[in-house]
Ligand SMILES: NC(=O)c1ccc[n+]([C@@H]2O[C@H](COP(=O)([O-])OP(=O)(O)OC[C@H]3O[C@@H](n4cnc5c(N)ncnc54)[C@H](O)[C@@H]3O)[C@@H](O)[C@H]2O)c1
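One chain comes next, on its own, written as structure tokens: the form predicted on its own.
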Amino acid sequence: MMSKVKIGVIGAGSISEAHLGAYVNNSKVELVAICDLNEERAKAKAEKYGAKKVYVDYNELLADPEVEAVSICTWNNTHAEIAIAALQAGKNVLVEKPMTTDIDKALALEAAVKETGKKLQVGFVRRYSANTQVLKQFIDNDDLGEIYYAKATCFRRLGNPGGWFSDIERSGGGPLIDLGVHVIDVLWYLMGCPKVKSISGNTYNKLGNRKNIKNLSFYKAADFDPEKNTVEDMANALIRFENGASLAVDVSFTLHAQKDDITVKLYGTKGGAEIEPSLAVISEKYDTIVNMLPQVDNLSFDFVQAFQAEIDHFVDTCLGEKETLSPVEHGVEMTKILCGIYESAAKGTEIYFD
């Protein structure tokens, strides 16, 4: 019989749906347990996805010898604490992005991975999407040459989810740590994960939740409350790397923009590429600029496909069949970048790294 990984999911909020749906679609998985502080929500998810056990205390789930690996889908400020406990309990871990909100916690989690010898995969889901992996083949074969600049924009004109997303104590920040982490990470990954030299960042708290706006719907957290908001509306940054390359990013939860906007681009000495809104590779042949559209099923980021690929990869990592594309060391570096942007914005000066 084929070996199956026995999975527990900690946190039954909205992002858990992506994990649970992908797990039940993987023939190498047995979904054992779901844990949430809200027992009714955990029970509902367990019934929907066929998990046989429900917990309200994650420590009890981690003490369950039947559970071999866990997905952590909780508030950002709890990721490191739960992940360390899971590793020490002998479980392999998939932890949602951001890995944590604090550099010291990130380093403690990295130490726990090394001490326990267990597997940890950070939920940088865009690394696993089809468009990213196709583009990486072009980059690995030097079609772009030396990548010296990357640029990402992820604007929501009206889209502060409220609830824990807008509570800085639980989230660690606003659009930068929620949306920016995705686009910064996928570009950094495709650039070859160069070492950061300096960061200059800005954050703005100007518009709040814009509760006055009518006739437009947007995603709202289960505990949405328009009266509560302690995170930034918008952030931007310029990240410089030791190899001379640079990365510019701007993101927002709310902005006086005509429409939502996402663009993710790279530029090299031999060619360029756009990942979002759809995959394109730009080159030149015979003194002519050539725009190439790779013929794949998912030219743009496909949420369901990407999460399925991420979960499948994690399962194969647990079985010893693959190495993760997003190890704890990369989670540490991304935490440094995010915290560096917030620190630069708070101090009003560029931040330098050793």
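Start at 1 with the first residue shown and count on from there. Just so you know, these numbers come straight off a predicted model, no measurement behind them.
The form predicted together with the named molecule is left out here; the points below concern that form.
The named molecule in the predicted bound form is not approached by residue 193, whose heavy atoms all lie more than 4.5 angstroms from it. For the chain shown alone, residue 91 is not a contact residue for the named molecule in the predicted bound form, no non-hydrogen atom being within 4.5 angstroms. Not displayed here, the named molecule is kept clear of residue 174 by more than 4.5 Å at the level of heavy atoms in the predicted bound form. A residue is said to contact a partner when one of its heavy atoms sits within 4.5 Å of a partner heavy atom; residue 37 meets this definition for the named molecule in the predicted bound form. For the named molecule in the predicted bound form, the listed stretch (197-205, 232-240, 103-111, 78-86) containing residues with heavy atoms inside 4.5 Å is 78-86.
Against the named molecule in the predicted bound form, the set 58, 74 and 222 is in full contact: each member has a heavy atom within 4.5 Å.
Along 299-320, residues 303, 307 each place a heavy atom within 4.5 Å of the named molecule in the predicted bound form.
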